[in-house]
Every structure is written in C-alpha cells, then in structure tokens.
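First, one chain by itself: the form predicted alone, in structure tokens.
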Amino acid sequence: MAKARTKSEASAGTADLTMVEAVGQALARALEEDETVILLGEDIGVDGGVFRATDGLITRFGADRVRDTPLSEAMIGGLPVGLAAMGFRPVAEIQFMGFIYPVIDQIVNHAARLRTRTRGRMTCPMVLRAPYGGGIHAPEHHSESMEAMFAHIPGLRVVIPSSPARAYGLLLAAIRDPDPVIFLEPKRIYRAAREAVVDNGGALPLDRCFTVLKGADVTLVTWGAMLKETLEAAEILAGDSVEAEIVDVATLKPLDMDTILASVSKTGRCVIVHEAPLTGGFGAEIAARLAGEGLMHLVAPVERVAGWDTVMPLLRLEGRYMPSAERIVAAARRVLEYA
C-alpha cells in the first residue's frame, strides 16, 4: 500500500523563482501551515510590499494575518515582541535596512533578552526582515549593509540568503526558530536570477555555512549578494589553474567556524569578501577567529575585500564602491604569492 502523503508533500511543487518570489513563497507556506504566523509592516498588505515580496498574501490569508502598519519602525519592532511573548510567530518587515535604526531599542533591550530575562520561561520567536545592501541605485538611507551591528548583539541570529532556494529554506527555518532572527535580504539579487525552488516546506539548517565550490588552493568566504562576484572571481582564477573553494556563511550569528576552519586547513589561504565597509565589518571577526583558531593552518595573511569606509555613494559611483570580481581576484593572487 502506498504511504499517505503529508499535506506539505501533497501540495509541493517546483518552480523557477527569483529570490523575492522565493521569499513570498516561504511566507505563504508558513502562513498556511501555522496559524500563529502573522506578517506586519508598512504597505505589505494591500500593496504587497515595496519590493512585492508579500504580493497577494492579504487576499489569501486576510488582513488579520497580513497587517499593514502605520509608518513607525519603532512600533514595527516592538509589536512583534509582545506578539511573540503571547504565543504568536510574527514576521515583521522593515522596508529598507536604512530605516531599521529606530528598531534597535526594541531588539536590543527586549527581543534579544527575553529568554535570559525570564530564565528560559519565555522566548521570542520573531523574524525581522529587511532588504539590505546596494546595487539598485537607490538614494541615501536605502543601501546600508550593517549586518555586523546585529551580529554583535547577544541573543540574536543573523541570517543572509544568497539565492532563491537559500531564501526559501532559511526563511522557513528562521520563522520556526524559538529565538529572534534578523533576516537580511540582499535586494540587488532579488530579481537577478531564477532557481528551481521546491515548495515542500523544507527548511535549511541555520547556524551552518554552505560550501558552494570545492577547491584546494584558496578559500573565499562570503555571503549574500557578494556570492555572485565571488563565483565570477573563482572562474577567472580557474583560468590560471587556481582552484578556489567558496564558503557561503549564510548564518553570521552564530557563526559556523568549523566549516571555515576545515576549508582553510586544506587551502592555507583565505580571502573574505563582503559589501559592508571594511572597518568593523563582520569579515574582521572571521579574520580574528582564523588568527586565534587556525593560525597554524595559514601560510599567508588573511585578506579582506570590502566596501569603502564611507556612506554608499549615489548613482554613478555606486559601482566603484561595490567589491568586484577583479578586486577579489587581485586579493587571491596576493595570498597565493606566499610560498
């Protein structure tokens, strides 16, 4: 007798989706499977969100579960804490990461502390979504990459997908997690490519790096939209018979250092790539951990390829700010020069 299929398996389907479509599909799946999931944010209901990630969800699930909020980021950050404490799983959207700073008070003082404050009697299963990063020629306050700021806050998870399938699986895992998750979506690749995504409700593991490409000569560590340029750099290096191994961090906090160390123990060389400004960027944390835990494996200094220590320049200079495949290749060649 054939085994009966679960509701998730019965309704599973595969489609080529963009990242923003995969985010919407994950949200729909979460709403369908768990009645405690509630979405809230500015213009996410009737308008479907500024990037249309929630397009059509208010029609399917109603205004009680897909809630348009007033224009108040402080409220959007605080309301989910109360909802989470009362047994809901809220998913709040901040339209751009540049608008996220009024939320810091609620996130630092309440969401991140609820578990320890109550000695484990309560948790805060909320997700705060925000499109982040540059590359779409947006005005000021629309292109920040402040992931290191959230990674510094105890009690938070910080997750950044790099592809449609990653976005689907990691977002579902974040929604199901019992603690608060900052889920940053690189908007530059929202519609840059399509990928087969199976809508079966399957989550990807949090707190785990993904090895995207195997190699033996140099480790390239990156996350989010910068995976694209890192893959391009690896292709250029392959033309010179250099095998690059690429590690997609995916969850910055907690950091899966074991995967990075395993790669560096094989290659002896490491280049860390991120879009955020160099000084105080999360790449510095990875470099410090390599110095402390993997020094004997290194045969060359760790290189970092990052944005410049300035506000994202507008329009025509934006491309000069973003790390390029050429800059990554140059850094890799520098570490390869060491014997």
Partner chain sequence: MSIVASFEIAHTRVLGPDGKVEGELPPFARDRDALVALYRWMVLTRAFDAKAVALQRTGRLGTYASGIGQEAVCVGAAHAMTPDDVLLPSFREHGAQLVRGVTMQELLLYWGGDERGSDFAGPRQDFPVCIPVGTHAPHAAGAALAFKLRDEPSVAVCIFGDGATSRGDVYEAMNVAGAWTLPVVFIANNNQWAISVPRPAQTAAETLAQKAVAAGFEGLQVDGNDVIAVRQATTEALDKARSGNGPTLIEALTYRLGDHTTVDDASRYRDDEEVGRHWKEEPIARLRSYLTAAHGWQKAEEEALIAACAAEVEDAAESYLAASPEPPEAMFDYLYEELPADAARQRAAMLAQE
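Numbering follows the first chain given and starts at 1. None of these values were measured; they are calculated from a predicted model.
Note that the form predicted in complex with the partner chain isn't included here; everything after this is about it.
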Specify the contacting stretch among 217-225, 116-124, 163-171, 136-144, defined as having any heavy atom within 4.5 Å of the partner chain in the predicted bound form.
116-124
Judged by heavy atoms and a 4.5 Å cut-off, are Asp55, Leu128 and Gly281 together in contact with the partner chain in the predicted bound form?
no
Please tell me which of Leu204, Val264, Ala148, Leu83 lies within 4.5 Å of the partner chain in the predicted bound form, judged by heavy atoms.
Leu83
Could you tell me which one of Met75, Ala193, Ile104, Leu213 places a heavy atom within 4.5 Å of the partner chain in the predicted bound form?
Met75
If you check in the predicted bound form, is Asp309 within 4.5 Å of the partner chain, heavy atoms only?
no
Any chance Leu79 has a heavy atom within 4.5 Å of the partner chain in the predicted bound form?
yes
Contact test in the predicted bound form: Gly239 vs the partner chain, heavy atoms, 4.5 Å
no
Is Phe88 close enough to touch the partner chain in the predicted bound form, meaning at least one heavy atom pair within 4.5 Å?
yes
Enumerate the residues of 47-70 that have a non-hydrogen atom within 4.5 Å of the partner chain in the predicted bound form, in sequence order, or give none.
Asp64, Arg67, Asp68, Thr69, Pro70
